[in-house]
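One chain follows as structure tokens, the form predicted alone.
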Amino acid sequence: MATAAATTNAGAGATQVIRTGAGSRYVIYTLLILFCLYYLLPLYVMVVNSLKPLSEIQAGGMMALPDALTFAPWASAWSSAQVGVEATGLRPYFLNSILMVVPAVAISTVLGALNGYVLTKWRFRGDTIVFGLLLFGCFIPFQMVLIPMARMLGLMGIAGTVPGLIFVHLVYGIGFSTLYFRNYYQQFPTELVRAAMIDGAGFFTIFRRIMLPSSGPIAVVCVIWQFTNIWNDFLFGASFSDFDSQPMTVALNNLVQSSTGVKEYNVHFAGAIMAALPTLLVYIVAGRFFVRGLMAGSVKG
């Protein structure tokens, strides 16, 4: 069926509406479904094989549904798998990741909001240079900061600890959070801030009562971005943590590497799903606000 175009006039302007034929829609939807299935195939393999006994996987049935459904691999990965030298499982390292992610995300979001507020509504000499340096920090490769950061953590006495990991991710995340909030506040009416200043409102009063209440969309973007990056980080966790402060990603790698002899693929799959589950849940719950928050304030007026 051919594609038809219809044009309607609204006031002085013209709006063009393009209607796609049913046949073309079916082709597009079929291709999208095929691409989606192909993209989700690894997740299917992980979930299915995490619910199988190891004997079924060794028999060569990785794509088949489990004949004997079992949650033993999940229990083993969570609380009794061999990680390092002790049979502790991923449970304590999951807690380490929570203790690392929540403060790092919260503090970097608040500091990013403050920086964006200052760089847009309280201009000062050299503010563009400060913003440029913060922006430059977003593009510094992780490998370049490993040795200087290790030295700084040692001098501060927090090397190999969860607070040390929080500090590392906080420093690396301030540039991104500042960029988000600065671009968002750039479109915020400056006249409203000036009116509040005339009424006697101070720096933090304006920030707390005017800027923050309107920052919900961009705050969601910042939280999702920071949470995903910090939770999935492996390099900083492997470089700046010891055995007791390792995050989930490092513990998962140790779980896979510690298997000797027969590889327990079902346990490994279960552990990988556990490590990916928090970020997956974040995107399921708040993913629809991500693009909406990025677009908020992008068009003035």
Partner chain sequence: MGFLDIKKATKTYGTVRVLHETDISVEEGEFLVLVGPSGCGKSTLLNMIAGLEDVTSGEIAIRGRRMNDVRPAERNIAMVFQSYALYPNMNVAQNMAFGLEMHGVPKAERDKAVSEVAELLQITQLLNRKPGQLSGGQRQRVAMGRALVRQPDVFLFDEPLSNLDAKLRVDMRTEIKKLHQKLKTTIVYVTHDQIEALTLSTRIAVMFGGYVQQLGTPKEIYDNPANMFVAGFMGSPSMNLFPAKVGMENGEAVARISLHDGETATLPFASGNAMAVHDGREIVLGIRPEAITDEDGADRNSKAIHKLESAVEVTEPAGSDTFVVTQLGGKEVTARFRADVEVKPGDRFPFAVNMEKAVAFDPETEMRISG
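Positions refer to the first chain, counted from 1. Keep in mind the model is a prediction, meaning the values are calculated, not measured.
What comes next is about the form predicted in complex with the partner chain, which does not appear here.
- Message: Taking 4.5 angstroms as the heavy atom distance cut-off, pick the stretch from 223-231, 178-186, 196-204, 154-162 that is near the partner chain in the predicted bound form.
- Response: The contacting stretch is 196-204.
- Taking heavy atoms and a 4.5 Å cut-off, does G126 contact the partner chain in the predicted bound form? Because no heavy atom of G126 falls inside 4.5 Å of the partner chain in the predicted bound form, the answer is no.
- Query: Going by a heavy atom distance of 4.5 Å, is L192 a contact of the partner chain in the predicted bound form?
  - Reply: Output for L192 is yes: heavy atoms within 4.5 Å of the partner chain.
- Give a yes or no for I210: in the predicted bound form, does one of its heavy atoms lie within 4.5 Å of a heavy atom belonging to the partner chain? Judged by the heavy-atom cut-off of 4.5 Å, I210 is in contact with the partner chain in the predicted bound form.
- Item | S214 within 4.5 Å of the partner chain in the predicted bound form, heavy atoms | Yes, S214 sits close enough to the partner chain in the predicted bound form that at least one of its heavy atoms falls within 4.5 Å.
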